[in-house]
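Quick setup: one chain, the form predicted alone, written in structure tokens, and binding and motion questions come after.
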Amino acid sequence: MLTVAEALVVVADCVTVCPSIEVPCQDAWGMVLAEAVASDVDSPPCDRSVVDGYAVCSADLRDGRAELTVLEELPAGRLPKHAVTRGTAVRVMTGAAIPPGADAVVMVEHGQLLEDGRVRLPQAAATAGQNILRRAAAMSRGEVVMEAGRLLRPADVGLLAEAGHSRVRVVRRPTVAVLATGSELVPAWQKPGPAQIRNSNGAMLLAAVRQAGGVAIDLGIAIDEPEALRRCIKAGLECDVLVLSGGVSAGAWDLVPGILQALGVEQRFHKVRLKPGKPLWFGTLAGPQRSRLVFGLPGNPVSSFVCFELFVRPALAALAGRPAWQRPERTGRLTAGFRHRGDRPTYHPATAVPPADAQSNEPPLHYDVTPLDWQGSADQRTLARANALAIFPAGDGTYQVGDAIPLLLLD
């Protein structure tokens, strides 16, 4: 049986980055840039004022000539009609072009308009270059402003637009089919009968796929009947990734591994040394350019969630061209004593908060962690209260208040 670390290596070795596509830049948020981009303009395109004020010759304010004739008022987006000469000024708005001859801008609140159309400015109120943003200060024409491999944030999308890229080439988001299996499952809108349960795994996994940056495709529920399973699984194998929940243990009704094998999916591993999530199944379907990934997650919701976080989420990040990415592991210090039993490492739902003495402007060195009263891998309500998974190593152990343990943050 593989350890978590060994299983992650197997998954990583099977991942090939998705091909690139061209999309409108406003749709590129959260995607990875596939090629370097350069600006087609200088930005700003000319010297500009960064304040509302008066464009002047700074020398006028050094030798006592502080009352200047205002030649015009210049808003942003319009070219000046007049050049500034000694004894004159132009009223400029924020973002307006600096008129020829001016080398400084005095803020409007420092000026006093006189009845004869002049403005009185305080002496020694301007130095050359004051309140002026020079042409191409942000970027120049032909300059590379963003390299390939960047995970695009909203601010990056704005820069792409400023640089003249209404469309950009990015790594395509992976398509992920989600299929819940089990004859006991009914849709969330249906009241379950005495032997039935609602399909909570499907909804949870679809949301997790979208949060992880994948394109989620809902295949619904497949009953434990070979032909029904085969049809649904075959449809899911059209996507980059197929995520199944249920049907992967060793029971008589756990039909998923056999059907996957019959459809040509190669098993890479089955079972991992962790709790919850031991029955995890992983395989690949060879394709002409790249393999499709198949994850068979256990049917209990906490097991499904833990396996998604540990294995599926990093795989989706790698498919999307992101650097290797997992939930951040931190150090937790227990707020209460805890007794752990088990022969496998356990990922226990917990709450984690920065300690009371943590500095608000610095990442905490550790978190105060409280393991929740967890009723096992079917206890989804407790999972919904958790913002972390406390990691307890294999073996029976008694932990004291303040003991340090590894921690995976979920928020």
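Throughout, we count residues from 1 along the sequence that is shown. Treat the numbers as computed from the prediction; the structure is a model and nothing was measured.
Just so you know, the form predicted together with adenosine monophosphate (AMP) exists too; it's not on screen, but the next bit is about it.
When adenosine monophosphate (AMP) is considered in the predicted complex, Leu185 lines it closely, a heavy atom lying within 4.5 Å. Contact between Glu72 and adenosine monophosphate (AMP) in the predicted complex is not found at the 4.5 Å heavy atom cutoff. Using a 4.5 Å cutoff between non-hydrogen atoms, Ile197 counts as a contact of adenosine monophosphate (AMP) in the predicted complex. In the predicted complex, Asn300 approaches adenosine monophosphate (AMP) with a heavy atom inside 4.5 Å. Put simply, of Glu143, Glu162, Glu266, Asp254 only one has a heavy atom within 4.5 Å of adenosine monophosphate (AMP) in the predicted complex, and it is Asp254. Gly247 is the sole member of Pro174, Gly277, Gly332, Gly247 with a non-hydrogen atom within 4.5 Å of adenosine monophosphate (AMP) in the predicted complex. With the partner left out here, adenosine monophosphate (AMP) still marks one of 230-238, 117-125, 335-343, 300-308 in the predicted complex; by a 4.5 Å heavy atom cut-off that stretch is 300-308.
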